[in-house]
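Let's start with one chain on its own, the form predicted on its own, as C-alpha coordinates.
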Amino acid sequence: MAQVSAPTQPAGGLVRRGDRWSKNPYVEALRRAARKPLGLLSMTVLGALILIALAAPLIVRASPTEQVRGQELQSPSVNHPFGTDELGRDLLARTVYGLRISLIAGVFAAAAGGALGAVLGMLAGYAGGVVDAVIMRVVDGLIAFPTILFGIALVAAFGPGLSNIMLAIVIVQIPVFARIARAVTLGEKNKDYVTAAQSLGAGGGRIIFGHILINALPPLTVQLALTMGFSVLLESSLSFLGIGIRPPNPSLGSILDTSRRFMRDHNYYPLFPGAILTLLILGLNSLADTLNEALNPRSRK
(Lines give C-alpha, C1' and ligand atoms only; values in the text may rest on other atoms or scores of the structure.)
Protein backbone atom coordinates (compact mmCIF):
# COMPACT_ATOMS: atom_id res chain seq x y z
CA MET A 1 0.00 0.00 0.00
CA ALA A 2 1.41 3.35 -1.02
CA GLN A 3 2.43 5.58 1.83
CA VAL A 4 1.27 9.17 1.69
CA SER A 5 4.09 11.57 2.39
CA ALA A 6 3.59 14.77 4.41
CA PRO A 7 3.64 18.05 2.53
CA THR A 8 7.08 19.56 2.40
CA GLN A 9 8.22 23.16 2.53
CA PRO A 10 8.64 24.60 -0.97
CA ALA A 11 12.21 24.79 -2.20
CA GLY A 12 14.19 27.98 -2.01
CA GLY A 13 12.67 29.15 1.26
CA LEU A 14 9.39 30.12 -0.40
CA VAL A 15 6.31 30.28 1.77
CA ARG A 16 2.77 29.25 1.02
CA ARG A 17 0.14 31.86 0.32
CA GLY A 18 -1.45 31.42 3.73
CA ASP A 19 1.91 32.01 5.47
CA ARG A 20 2.93 35.14 3.63
CA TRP A 21 1.86 37.49 6.43
CA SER A 22 3.66 35.43 9.06
CA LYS A 23 6.90 35.64 7.05
CA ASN A 24 6.59 39.28 6.10
CA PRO A 25 9.69 41.09 7.46
CA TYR A 26 7.69 44.13 8.55
CA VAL A 27 5.11 42.02 10.35
CA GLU A 28 7.96 40.19 12.07
CA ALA A 29 9.59 43.53 12.95
CA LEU A 30 6.36 44.77 14.52
CA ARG A 31 6.10 41.55 16.51
CA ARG A 32 9.66 41.91 17.78
CA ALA A 33 9.01 45.54 18.67
CA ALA A 34 5.79 44.61 20.50
CA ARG A 35 7.70 42.08 22.63
CA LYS A 36 9.77 44.90 24.11
CA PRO A 37 8.11 46.86 26.95
CA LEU A 38 9.00 50.21 25.38
CA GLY A 39 7.73 49.13 21.98
CA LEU A 40 4.47 47.78 23.36
CA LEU A 41 3.94 50.94 25.41
CA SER A 42 4.62 53.25 22.45
CA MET A 43 2.27 51.27 20.18
CA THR A 44 -0.45 51.32 22.83
CA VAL A 45 -0.13 55.06 23.42
CA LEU A 46 -0.06 55.90 19.70
CA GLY A 47 -2.98 53.58 18.98
CA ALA A 48 -5.05 55.20 21.73
CA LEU A 49 -4.24 58.73 20.52
CA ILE A 50 -5.07 57.86 16.90
CA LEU A 51 -8.33 56.26 17.98
CA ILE A 52 -9.23 59.35 20.03
CA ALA A 53 -8.48 61.65 17.09
CA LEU A 54 -10.52 59.55 14.64
CA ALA A 55 -13.46 59.24 17.01
CA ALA A 56 -13.42 62.89 18.09
CA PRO A 57 -17.10 63.60 17.19
CA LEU A 58 -18.17 60.55 19.24
CA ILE A 59 -15.97 61.31 22.25
CA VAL A 60 -16.82 64.99 22.70
CA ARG A 61 -20.23 66.51 22.10
CA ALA A 62 -19.17 70.13 22.53
CA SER A 63 -17.93 72.17 19.60
CA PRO A 64 -14.26 73.20 19.81
CA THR A 65 -15.14 76.72 18.63
CA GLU A 66 -18.40 77.34 20.53
CA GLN A 67 -18.16 80.16 23.07
CA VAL A 68 -20.39 79.95 26.15
CA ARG A 69 -20.88 83.17 28.11
CA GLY A 70 -20.51 82.71 31.86
CA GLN A 71 -18.36 79.54 31.47
CA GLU A 72 -14.99 81.27 31.16
CA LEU A 73 -11.92 79.70 32.82
CA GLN A 74 -13.78 77.02 34.74
CA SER A 75 -11.79 74.28 36.46
CA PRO A 76 -12.17 70.66 35.33
CA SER A 77 -15.60 69.26 36.12
CA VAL A 78 -18.03 66.58 34.98
CA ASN A 79 -19.35 68.78 32.18
CA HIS A 80 -15.88 70.00 31.19
CA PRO A 81 -13.27 67.34 32.11
CA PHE A 82 -10.37 69.54 30.94
CA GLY A 83 -11.99 72.83 32.02
CA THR A 84 -12.76 75.81 29.79
CA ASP A 85 -10.66 78.57 28.26
CA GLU A 86 -10.98 82.34 28.53
CA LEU A 87 -13.83 82.39 26.00
CA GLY A 88 -15.84 79.60 27.61
CA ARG A 89 -14.83 76.97 25.05
CA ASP A 90 -14.50 73.35 26.15
CA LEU A 91 -10.81 72.46 26.46
CA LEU A 92 -11.43 68.74 26.01
CA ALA A 93 -13.01 69.37 22.61
CA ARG A 94 -10.24 71.77 21.60
CA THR A 95 -7.53 69.36 22.74
CA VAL A 96 -9.01 66.37 20.89
CA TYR A 97 -9.52 68.30 17.66
CA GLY A 98 -6.09 69.88 18.06
CA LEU A 99 -4.65 66.35 18.35
CA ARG A 100 -6.31 65.53 15.02
CA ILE A 101 -4.60 68.52 13.39
CA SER A 102 -1.22 67.46 14.79
CA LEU A 103 -1.65 63.90 13.51
CA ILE A 104 -2.68 65.09 10.04
CA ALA A 105 0.32 67.40 9.83
CA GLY A 106 2.69 64.84 11.29
CA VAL A 107 1.63 61.72 9.39
CA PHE A 108 0.63 62.92 5.93
CA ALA A 109 3.15 65.74 5.56
CA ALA A 110 6.03 63.60 6.82
CA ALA A 111 5.02 60.72 4.53
CA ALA A 112 4.81 63.04 1.50
CA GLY A 113 8.19 64.62 2.28
CA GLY A 114 9.72 61.21 2.84
CA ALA A 115 8.42 59.85 -0.46
CA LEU A 116 9.69 62.83 -2.46
CA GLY A 117 13.06 62.81 -0.70
CA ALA A 118 13.50 59.06 -1.19
CA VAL A 119 12.74 59.28 -4.92
CA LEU A 120 15.18 62.16 -5.40
CA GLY A 121 17.89 60.45 -3.36
CA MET A 122 17.64 57.13 -5.20
CA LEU A 123 17.56 58.90 -8.55
CA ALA A 124 20.68 60.89 -7.66
CA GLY A 125 22.55 57.86 -6.34
CA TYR A 126 21.69 55.60 -9.28
CA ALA A 127 22.19 58.13 -12.08
CA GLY A 128 25.31 59.79 -10.70
CA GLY A 129 27.17 62.46 -12.66
CA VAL A 130 25.39 65.74 -13.38
CA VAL A 131 22.04 64.49 -12.07
CA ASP A 132 23.58 63.56 -8.73
CA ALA A 133 25.46 66.86 -8.49
CA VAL A 134 22.40 69.02 -9.24
CA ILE A 135 20.01 67.19 -6.91
CA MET A 136 22.42 67.04 -3.99
CA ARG A 137 23.41 70.70 -4.29
CA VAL A 138 19.73 71.61 -3.99
CA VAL A 139 19.44 69.28 -1.00
CA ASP A 140 22.53 70.82 0.61
CA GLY A 141 21.01 74.25 0.10
CA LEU A 142 17.85 73.21 1.93
CA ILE A 143 19.84 71.69 4.79
CA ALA A 144 21.80 74.93 5.22
CA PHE A 145 18.68 76.71 6.51
CA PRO A 146 17.64 76.10 10.14
CA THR A 147 14.45 74.06 10.00
CA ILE A 148 12.28 76.20 12.23
CA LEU A 149 13.38 79.43 10.51
CA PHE A 150 12.74 77.89 7.10
CA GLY A 151 9.27 76.83 8.22
CA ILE A 152 8.56 80.32 9.57
CA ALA A 153 9.71 81.88 6.28
CA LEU A 154 7.47 79.60 4.20
CA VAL A 155 4.40 80.16 6.36
CA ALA A 156 5.07 83.90 6.42
CA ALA A 157 5.32 83.94 2.62
CA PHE A 158 2.24 81.83 1.87
CA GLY A 159 0.16 82.68 4.94
CA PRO A 160 -0.98 80.62 7.94
CA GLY A 161 -3.20 77.57 7.59
CA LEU A 162 -2.93 73.79 7.71
CA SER A 163 -2.16 73.36 4.00
CA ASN A 164 0.75 75.82 4.12
CA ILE A 165 2.10 74.26 7.30
CA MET A 166 2.03 70.85 5.64
CA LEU A 167 3.82 72.30 2.61
CA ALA A 168 6.54 73.67 4.89
CA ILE A 169 6.91 70.28 6.62
CA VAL A 170 7.13 68.46 3.27
CA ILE A 171 9.91 70.74 2.01
CA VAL A 172 12.02 70.66 5.17
CA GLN A 173 11.85 66.84 5.35
CA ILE A 174 12.97 66.18 1.76
CA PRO A 175 16.75 66.62 2.37
CA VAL A 176 16.94 64.07 5.22
CA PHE A 177 15.26 61.30 3.24
CA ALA A 178 17.18 62.20 0.08
CA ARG A 179 20.54 61.76 1.77
CA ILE A 180 19.55 58.43 3.37
CA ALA A 181 18.15 57.05 0.10
CA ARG A 182 21.19 58.20 -1.86
CA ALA A 183 23.57 56.54 0.60
CA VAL A 184 21.69 53.24 0.40
CA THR A 185 21.54 53.42 -3.41
CA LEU A 186 25.28 54.04 -3.71
CA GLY A 187 25.93 50.96 -1.60
CA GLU A 188 23.50 48.74 -3.54
CA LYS A 189 23.82 49.72 -7.19
CA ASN A 190 27.13 47.89 -7.75
CA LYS A 191 25.99 44.60 -6.21
CA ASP A 192 25.47 41.42 -8.18
CA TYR A 193 21.67 41.44 -8.17
CA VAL A 194 21.62 44.90 -9.75
CA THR A 195 24.17 43.83 -12.37
CA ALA A 196 22.08 40.73 -13.11
CA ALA A 197 18.94 42.85 -13.54
CA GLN A 198 20.80 45.19 -15.89
CA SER A 199 22.08 42.26 -17.96
CA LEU A 200 18.50 41.03 -18.35
CA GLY A 201 17.48 44.39 -19.78
CA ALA A 202 15.74 45.93 -16.76
CA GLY A 203 15.43 49.69 -16.94
CA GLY A 204 16.58 52.17 -14.34
CA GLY A 205 13.09 52.70 -12.95
CA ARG A 206 12.50 48.97 -12.49
CA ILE A 207 15.85 48.50 -10.79
CA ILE A 208 15.35 51.47 -8.45
CA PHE A 209 11.76 50.80 -7.40
CA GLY A 210 11.72 47.03 -7.83
CA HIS A 211 15.05 46.08 -6.27
CA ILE A 212 17.00 48.87 -4.54
CA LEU A 213 13.95 50.35 -2.81
CA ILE A 214 13.37 47.08 -0.91
CA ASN A 215 16.78 47.39 0.75
CA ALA A 216 16.27 51.11 1.43
CA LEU A 217 12.94 50.65 3.22
CA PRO A 218 14.24 49.70 6.73
CA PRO A 219 16.28 52.89 7.36
CA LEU A 220 13.63 55.00 5.64
CA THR A 221 10.91 53.49 7.84
CA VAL A 222 12.81 54.32 11.02
CA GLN A 223 13.47 57.85 9.77
CA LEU A 224 9.79 58.25 8.93
CA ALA A 225 8.79 57.51 12.53
CA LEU A 226 11.32 60.07 13.78
CA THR A 227 10.18 62.59 11.18
CA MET A 228 6.55 62.28 12.24
CA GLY A 229 7.47 63.27 15.78
CA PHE A 230 9.52 66.20 14.51
CA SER A 231 6.71 67.26 12.17
CA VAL A 232 4.21 67.29 15.04
CA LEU A 233 6.63 69.44 17.03
CA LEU A 234 7.17 71.79 14.08
CA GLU A 235 3.43 72.27 13.54
CA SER A 236 2.93 72.93 17.24
CA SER A 237 5.85 75.37 17.29
CA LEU A 238 4.49 77.37 14.37
CA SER A 239 1.04 77.48 15.96
CA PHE A 240 2.62 78.46 19.29
CA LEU A 241 4.30 81.39 17.54
CA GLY A 242 0.94 82.49 16.11
CA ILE A 243 1.65 81.69 12.44
CA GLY A 244 0.11 78.24 12.31
CA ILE A 245 -3.52 77.16 12.35
CA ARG A 246 -5.93 80.03 11.87
CA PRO A 247 -8.11 80.82 14.93
CA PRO A 248 -10.64 79.88 16.12
CA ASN A 249 -9.64 76.41 14.88
CA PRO A 250 -7.80 74.55 17.65
CA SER A 251 -4.20 73.42 17.67
CA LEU A 252 -2.17 72.06 20.55
CA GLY A 253 0.47 74.71 19.95
CA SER A 254 -2.01 77.59 19.85
CA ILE A 255 -3.75 76.33 23.02
CA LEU A 256 -0.41 76.31 24.83
CA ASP A 257 0.37 79.79 23.53
CA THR A 258 -2.94 81.20 24.80
CA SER A 259 -2.60 79.46 28.16
CA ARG A 260 0.57 81.37 29.05
CA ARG A 261 -1.45 84.40 30.20
CA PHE A 262 -3.57 82.34 32.59
CA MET A 263 -1.33 79.51 33.75
CA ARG A 264 -0.42 81.16 37.07
CA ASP A 265 -4.01 81.10 38.37
CA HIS A 266 -5.39 78.34 36.13
CA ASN A 267 -2.65 75.73 35.90
CA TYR A 268 -5.02 73.14 34.38
CA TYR A 269 -5.16 75.21 31.18
CA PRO A 270 -1.77 74.15 29.69
CA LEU A 271 -1.59 70.84 31.60
CA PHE A 272 -3.81 68.60 29.47
CA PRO A 273 -2.86 69.87 25.97
CA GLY A 274 0.81 69.78 26.96
CA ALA A 275 0.50 66.22 28.28
CA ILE A 276 -1.20 65.02 25.06
CA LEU A 277 1.49 66.66 22.90
CA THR A 278 4.24 65.14 25.05
CA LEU A 279 2.72 61.65 24.84
CA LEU A 280 2.39 61.93 21.06
CA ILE A 281 6.01 62.97 20.49
CA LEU A 282 7.42 60.47 22.99
CA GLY A 283 5.33 57.69 21.45
CA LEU A 284 6.61 58.40 17.95
CA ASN A 285 10.24 58.69 19.06
CA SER A 286 10.02 55.49 21.14
CA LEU A 287 8.44 53.67 18.20
CA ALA A 288 11.33 54.79 15.99
CA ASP A 289 13.86 53.40 18.48
CA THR A 290 12.14 50.02 18.75
CA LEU A 291 11.67 49.76 14.97
CA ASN A 292 15.36 50.48 14.50
CA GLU A 293 16.25 47.57 16.77
CA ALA A 294 13.65 45.30 15.17
CA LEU A 295 14.64 46.04 11.56
CA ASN A 296 18.40 46.19 12.07
CA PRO A 297 19.98 42.70 12.33
CA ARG A 298 23.09 44.10 14.04
CA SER A 299 20.97 45.76 16.73
CA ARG A 300 19.08 42.50 17.33
CA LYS A 301 22.37 40.60 17.81
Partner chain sequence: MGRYLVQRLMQLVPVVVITSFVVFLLLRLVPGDPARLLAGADATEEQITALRKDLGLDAPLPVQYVRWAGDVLTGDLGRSYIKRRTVTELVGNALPATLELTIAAMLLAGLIGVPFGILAGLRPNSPFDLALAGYSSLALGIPNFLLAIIFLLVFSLNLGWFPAGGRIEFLEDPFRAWKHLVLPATVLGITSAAVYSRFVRSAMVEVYSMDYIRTARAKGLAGRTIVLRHALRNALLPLVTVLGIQFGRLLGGTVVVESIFAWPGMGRLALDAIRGRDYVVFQAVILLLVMASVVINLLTDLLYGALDPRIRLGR
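Keep in mind the model is a prediction, meaning the values are calculated, not measured. Positions refer to the first chain, counted from 1.
From this point on, the text means the form predicted in complex with its partner chain, which you will not see here.
Open item on the list: I need to confirm a contact call. Of 243, 29, 52, 46, which residue comes within 4.5 Å of its partner chain in the predicted complex, counting heavy atoms only?
Closed with: Checked against the cut-off, the match is 243.
TODO: Counting non-hydrogen atoms within 4.5 angstroms of its partner chain in the predicted complex, say which of 87, 217, 202, 153 makes the cut.
DONE: Flagged contact: 153.
Open item on the list: Counting heavy atoms only and using a 4.5 Å cut-off, do 233, 270 and 289 all touch its partner chain in the predicted complex?
Closed with: Heavy-atom distance to its partner chain in the predicted complex: all three under 4.5 Å.
Task: Options 53-61, 66-74, 234-242, 29-37; stretch whose heavy atom lies within 4.5 Å of its partner chain in the predicted complex - done: Looking at the other structure, the answer is 234-242.
Open item on the list: I'd like to check something about residue 247: if you look in the predicted complex, is any of its heavy atoms closer than or equal to 4.5 Å to a heavy atom of its partner chain?
Closed with: The answer is no: residue 247 has no heavy atom within 4.5 Å of its partner chain.
Task: 4.5 Å heavy atom contact, residue 158 to its partner chain in the predicted complex - done: Heavy-atom contact with its partner chain at 4.5 Å: present for residue 158.
- [ ] Using a 4.5 Å heavy atom cut-off, state whether residue 186 contacts its partner chain in the predicted complex.
- [x] It does not: once its partner chain is placed as it appears in the predicted complex, residue 186 has no heavy atom within 4.5 Å of it.
- [ ] Answer for residue 145 alone: is it within 4.5 Å of its partner chain in the predicted complex, judged on heavy atom distances?
- [x] Contact with its partner chain, yes.
Task: Contact set, 256-295 vs its partner chain in the predicted complex - heavy atom within 4.5 angstroms - done: 256, 259, 260, 263, 264, 267, 270, 274, 277, 278, 281, 282, 285, 289, in sequence order.
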